[in-house]
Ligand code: AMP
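Quick setup: one chain, the form predicted alone, written in structure tokens, and binding and motion questions come after.
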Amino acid sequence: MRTEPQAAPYRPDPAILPLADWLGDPVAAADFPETRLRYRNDRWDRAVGLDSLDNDAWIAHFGRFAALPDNLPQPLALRYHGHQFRVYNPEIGDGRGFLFAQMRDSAGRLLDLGTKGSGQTPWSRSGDGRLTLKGAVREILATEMLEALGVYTSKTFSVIETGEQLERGDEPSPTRSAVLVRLSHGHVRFGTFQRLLALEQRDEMAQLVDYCLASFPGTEPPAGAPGRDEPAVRLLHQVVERMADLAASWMVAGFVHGVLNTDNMNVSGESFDYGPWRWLPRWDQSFTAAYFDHGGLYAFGRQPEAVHWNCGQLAVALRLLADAPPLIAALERFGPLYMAAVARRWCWRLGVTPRGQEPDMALVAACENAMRTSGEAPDRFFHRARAGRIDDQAVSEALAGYDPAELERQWWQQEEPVSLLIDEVETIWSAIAGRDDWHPFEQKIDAIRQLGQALGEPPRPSGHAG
């Protein structure tokens, strides 16, 4: 069984305030014509001591953005640059969101509450700073499904419908609006470091490195690693380890993020910022999620490459503080760490005890080949495999040497797997858009959470913040 989030008292800790003058801009939320609570995360609100808020107080804080007690006095729209489809853009930042609050959980870890769709900021450019209700519903579904499949992801904390009619070019308009609050261990993007490099702000870069090391504790670099005592080098080692595991978790989940720009990469190692995501309908390395990704830069099979490339851009930024050789040594760990993460996560999803990287990767290869040959959806394949209903000879032979993990298999005997393909998402949204019927959405959330419980606790690299 999976461990539920542990209850904790409300412990405010706006640790980012010493960096605030150069890290972001104070902003105010939009004054929405309506605030109608649509989703409240009843698993994670207690992890930060906010489960005692009644719905009126919840809306006051997460729809009107009244400051939480002893927390950030004003929301902070963060500044950053970024490579967008490998083209550097210095004109970006939090254009429809802000950092709202920080607090500690039961383990003492620093957690952030950030927004999406909360109104215009100095970084909105021509945007309206809003979020569609459909986009909010999609993000709830994505984060719930990713969490169930063991991916270290931001959690959708709150969604409030805001009563505006939005015009969008990629969905029928006018469409309904919402403001979303996400819970995560941090909102420090790779692009934040890139901005400090571009501005040659060495002192600020050193402060940010220290903040990240304190806020997102991780493992120390391997013994003998060059420059392992330098803060910037330590941070890059930790980020590379987290990001290798994140890339592996997406691949084993059959998930395509869609937009892996450096401003969408978080040094905490969390998956976040969900736009045109998809789950694979079949095992296809060339499958893309974003209709505008014409060259397939962020196709399913290229995600590890994209994440590694982004880590390289973080390393370039950290050259402001450290020499190249120790940073390169940290980057070179990505490949082996990624392969090890794929092996342990693949075994976890199959429900077997790992045997060691080489036999585990042979099992991975057999399963991938079976899915490619049959065209079967990955969710269905893993569901059948975990229930012991595999009919592929090569996979059966590869599994023969494995011991089942200590798992309850009864749940897996049901015929249908839990999936989240685009047609299912559209059906859920159609019920909301057409009849304001939230029952299919609620049923899907229940099914996804049951899947997470059945899968059990996911494997994590040592020192992982998740």
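Note that this is a predicted model, so its numbers are computed, not measured. Counting begins at 1, following the sequence as shown.
One more form of this protein, predicted in complex with this ligand, exists but is not displayed; see below.
- Among residues of the shown chain, Arg130 is one whose heavy atoms approach this ligand to within 4.5 Å in the predicted complex.
- A residue is said to contact a partner when one of its heavy atoms sits within 4.5 Å of a partner heavy atom; Glu144 fails this definition for this ligand in the predicted complex, lying far away.
- Contact check for Tyr80: a non-hydrogen atom falls within 4.5 Å of this ligand in the predicted complex.
- Among heavy atoms of Asp273, some come within 4.5 Å of this ligand in the predicted complex.
- Annotated contact segment (heavy atom within 4.5 Å of this ligand in the predicted complex): 261-269, selected among 382-390, 196-204, 261-269, 311-319.
- Interface residue among Arg333, Arg278, Arg96, Arg109 relative to this ligand in the predicted complex, by the heavy atom within 4.5 Å criterion: Arg96.
- The listed set Gln84, Thr353, Gln285, Asn369 contains one residue whose heavy atoms approach this ligand in the predicted complex to within 4.5 Å, identified as Gln84.
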